[in-house]
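Coming up is one lone chain in structure tokens, specifically the form predicted on its own.
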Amino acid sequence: MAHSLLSGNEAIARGAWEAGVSVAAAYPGTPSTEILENLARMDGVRAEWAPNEKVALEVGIGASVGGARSLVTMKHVGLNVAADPLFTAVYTGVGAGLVLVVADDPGMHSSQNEQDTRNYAAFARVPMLEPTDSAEALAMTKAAFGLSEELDLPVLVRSTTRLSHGKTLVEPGERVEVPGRPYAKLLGKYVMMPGMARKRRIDLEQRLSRARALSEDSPFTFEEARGSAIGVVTSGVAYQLVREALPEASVLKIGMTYPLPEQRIRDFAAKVERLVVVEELDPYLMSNLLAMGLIVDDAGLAHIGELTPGVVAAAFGAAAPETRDPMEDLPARPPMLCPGCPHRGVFAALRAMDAVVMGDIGCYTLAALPPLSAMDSCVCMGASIGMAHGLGLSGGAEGRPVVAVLGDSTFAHSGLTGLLDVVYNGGVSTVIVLDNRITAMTGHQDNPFTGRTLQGGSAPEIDIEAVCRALGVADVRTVDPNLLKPTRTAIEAALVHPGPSVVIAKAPCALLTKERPDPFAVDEEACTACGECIRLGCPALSRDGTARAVIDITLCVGCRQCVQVCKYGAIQRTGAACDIGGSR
């Protein structure tokens, strides 16, 4: 088959398909999202979005127990959510092969923290493969299913942003149809009561002993001898950087980073005068080599953010690879909510009310930035509700309204339990669910509230309002956040309710709206340059040389929010009189 240029995510999907995977589950999270989106388009696979990563892994475990090769994917912070079943799945082992792909995000391009999943592999005792390019991503993913079955263990494949989104040539192969294994009731293997778990713990050490032997012989670990002056131990994308920055160095590229091939590392170390480690994020390899009693020279590379060939070269006093200097004096482009984003109306109201806003993970987190400046926190998925409840208990924000804000997908992911906690403990938190009918931040994936599945099927469109009432919230109301005055009125009413309250701000993501009304324009004579419309932070709005507002009609989607804040009637629809009914 001819070579193809694939991203790491596309290659991982292809490798899983070629391995005969039949069940795949995930929660979308950059940089991992496209793996399941690609796999969902391939024949013979049932691919699903789960409400969160824990559920996704539990689906994968169940399918594996039932004899189907299964793939589960997530970003690095998603593994925190999925850690509970993972640690015990290592004890139980698998039925058919179970592979978990986790994409780390060095440099935090789209994440709230940096994590190094290699630590999870050692912590949970899960074999880990770490590809360096798309070709290895395909090969390692494909091989991981056989490795999982041979070791009776789940297998982790670690990607990073640069691998997930970068493209290299791969040679796709054919799919291998793997017959399903009949389910067998094995209490001693799958029921982790203490007495049985103790036996599986002993058995786990035997399986890991076999994994260590396989690591020594892994075809994904290889040595490149280029002299004895310096030897670099590396893995993953860092290998590519070493090859570019230090072309004369000998290299030991480790493909299976847990368990490590200790003998191969010792053999390599004995051949070089100076042994160094190049790795992204935590000093995982460095710590292990030192623990082995090896003398390792610290190259001084920071364990923060992404490495580049230039950074690696500078650490070794080598000439940096040729790069193009960045352009100077470019205008700043701070991230902003899209033109017509329905979230904007909610945050404009909260800012006007001087509310303390416990925020969450989603594109709406951008409301923390000027000019909206209407969010106070962003910690993890679903944290907004618990934090709002805790802040209320502290009394620290006395005199100011406190609200929790999160999206519909985040509410399904981990907001339900937070709301249940508020109800159960007699809290009075006000929760605003930004229901834009999609999981927008990661590229418009469906969720339990959209009525559609990953593979295009129809699903029950779960009623958020009914769910909140079922959880015990008496005060639940739904508003169109594009109507600013009704939105603020609804939030104010919710805040004075004596118990917990929920406001559902329901309007589709502006990028999903197919029909576009005529855009708006500013009447220069009527505009007083007061700046109220500018404070909405819409990218379609700017100021001219006289500080008057200007609307870029190529960006305007006709949402009417700016019309509602203009006190002078200066914003009119182009080609038609503006009519916003009673929303003003």
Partner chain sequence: MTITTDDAAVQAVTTVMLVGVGGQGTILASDVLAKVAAAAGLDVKLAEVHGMSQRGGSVDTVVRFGTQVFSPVVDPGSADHLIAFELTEAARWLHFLKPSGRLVTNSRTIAPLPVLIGDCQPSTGIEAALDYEGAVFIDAEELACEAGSSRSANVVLLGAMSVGLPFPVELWREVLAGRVPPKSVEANLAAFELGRRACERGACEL
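Numbering follows the first chain given and starts at 1. Rigid core: the largest C-alpha set superposing within 1.5 Å between the two forms. These numbers were taken from a predicted model, which means no experiment stands behind them.
The form predicted together with its partner chain is left out here; the points below concern that form.
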property	result
Joint contact, Asp84, Ser287 and Glu492 to its partner chain in the predicted complex, by non-hydrogen atom at 4.5 Å	no
Residue among Leu366, Met196, Leu420, Leu204 with a heavy atom within 4.5 Å of its partner chain in the predicted complex	Leu366
Contact residue in the predicted complex, chosen from Leu512, Ala213, Ala466, Leu169 - any heavy atom within 4.5 Å of its partner chain	Leu169
Candidate stretches 159-167, 176-184, 403-411, 76-84, one within 4.5 Å of its partner chain in the predicted complex by heavy atom	159-167
Partner contact for Cys538 in the predicted complex: its partner chain, 4.5 angstroms, heavy atom	yes
Any non-hydrogen atom of Arg488 within 4.5 angstroms of its partner chain in the predicted complex	no
Close approach of Pro334 to its partner chain in the predicted complex, 4.5 Å, heavy atom	yes
In the predicted complex, Val379 touching its partner chain (heavy atom, 4.5 Å)	no
Members of 313-342 lying within 4.5 angstroms of its partner chain, judged by heavy atom, in the predicted complex	Pro321, Glu322, Thr323, Arg324, Asp325, Pro326, Met327, Asp329, Leu330, Pro331, Ala332, Arg333, Pro334, Pro335, Met336, Cys338
Per-residue C-alpha change between the shown form and the other one, Pro331, threshold 2 Å, rigid core fit	yes
